[in-house]
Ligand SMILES: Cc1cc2nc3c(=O)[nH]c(=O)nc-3n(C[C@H](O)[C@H](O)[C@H](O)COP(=O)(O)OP(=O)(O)OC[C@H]3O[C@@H](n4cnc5c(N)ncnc54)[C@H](O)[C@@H]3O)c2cc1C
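The form predicted on its own is given below as one chain in structure tokens.
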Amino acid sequence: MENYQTVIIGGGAAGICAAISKARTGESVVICEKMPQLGKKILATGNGRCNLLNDNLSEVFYNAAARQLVKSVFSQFGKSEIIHFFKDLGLEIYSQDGRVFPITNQAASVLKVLEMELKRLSVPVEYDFYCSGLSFSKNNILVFSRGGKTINSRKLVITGGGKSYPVLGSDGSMYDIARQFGHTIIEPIPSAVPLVVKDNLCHFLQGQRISAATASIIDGKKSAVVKGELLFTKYGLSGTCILDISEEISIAVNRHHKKDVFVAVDMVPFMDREQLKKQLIKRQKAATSPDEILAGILPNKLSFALRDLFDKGDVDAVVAVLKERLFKVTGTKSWNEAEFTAGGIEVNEVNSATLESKLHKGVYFAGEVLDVDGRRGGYNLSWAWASGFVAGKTL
């Protein structure tokens, strides 16, 4: 049996930061990682560029239940501390539209400087260590692996991640471990995820991308409008403006099993209804072919897809469809296509200042394993860095 003062379960962004933070206090620490390498999920972030954080880092960009916890953590390790942390490791960064990236535009650069710091601090890593259970005594915690290995420690930091991208190591296994010593798990559901919509328009336009504005409508209540790219697919809808509204839709469909869920799509967000109507009437008077009536406004394929509407000559009906086409949502894509996890360990069961479990002394949580879900744009990685560092620094 090996002995360490602290064991970190999970070698992702939060786990690595926790290990660095802990090792800098002089305590012995080990990372137990189920995969054969560290940080596989880091390498996939930001389409391989690694969106480190956002210039506008605030708790308001996280799920409501988590905001007080996020605020407390960011007050200790926020934007300036995260930037200083990485610059001190030798990583040069830059900001683009509020999103912060490594100057190399390579997530591998981020992982490399983190691994270099772990090496400098002589932090050992137990690879292929799949935690199967814990055992508690008065002053010690035993961590067991499926392979039969046991590690003894005084403190434990659980950073095992959520359930998104399970092939990269996040399979939700740490939820079961947390349940074993009394923690409540808010049902995890996919977030920042494409939506399943059974609609002939999606099927006809599959592969077509447009600039659009979207909003969710759940039980008749419409959300704030989000602009971005919309991608029509054979299964439904994707693209940035869909991913950005998907969390509350996923919660409604997957957690609460609601049926009255829609996406309202404005396919012409750069024109108001009156402008669009005048343009269509002008083209109609010029005897423009229905196949060409949207030329220069939307991709040509849209004219073909909506030809039946144009054939009827009802301009108001066409404008209504183009400005607010409703798509009924029947589901979401799976964990393999979700960027984040909404749900996890109940945040009220951890100390907001230290991230220590209120139910068991010496156990800490950080990262996506908690019910903390931020918007796209570097917010979830920011939470991982910050919560990991705060959970690790406690002596």
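What you see is a predicted model, and the numbers here were worked out from it, not measured in a lab. All residue numbers refer to positions in the sequence shown, first residue = 1.
Same protein, other form: the form predicted together with the ligand, not shown, and the subject of what follows.
Ala386 falls outside the set of residues with a heavy atom inside 4.5 Å of the ligand in the model of the complex. In the model of the complex, the ligand lies farther than 4.5 Å from every heavy atom of Phe262. At least one heavy atom of Gly160 is located within 4.5 Å of the ligand in the model of the complex. Not displayed here, the ligand is kept clear of Ala213 by more than 4.5 Å at the level of heavy atoms in the model of the complex. Only one segment in the set 83-91, 161-169, 220-228, 196-204 has residues whose heavy atoms sit within 4.5 Å of the ligand in the model of the complex; it is 161-169.
Comment: the ligand is not present in this chain, but in the model of the complex one of Thr332, Thr45, Asn63, Ser357 has a heavy atom within 4.5 Å of it, namely Thr45. Using a 4.5 angstroms heavy atom cutoff to the ligand in the model of the complex, none of Leu243, Asn300 and Leu322 count as contacting. Contacts between stretch 324-339 and the ligand, counted in the model of the complex as any heavy atom lying within 4.5 Å, involve Ala338, Glu339, listed in sequence order.
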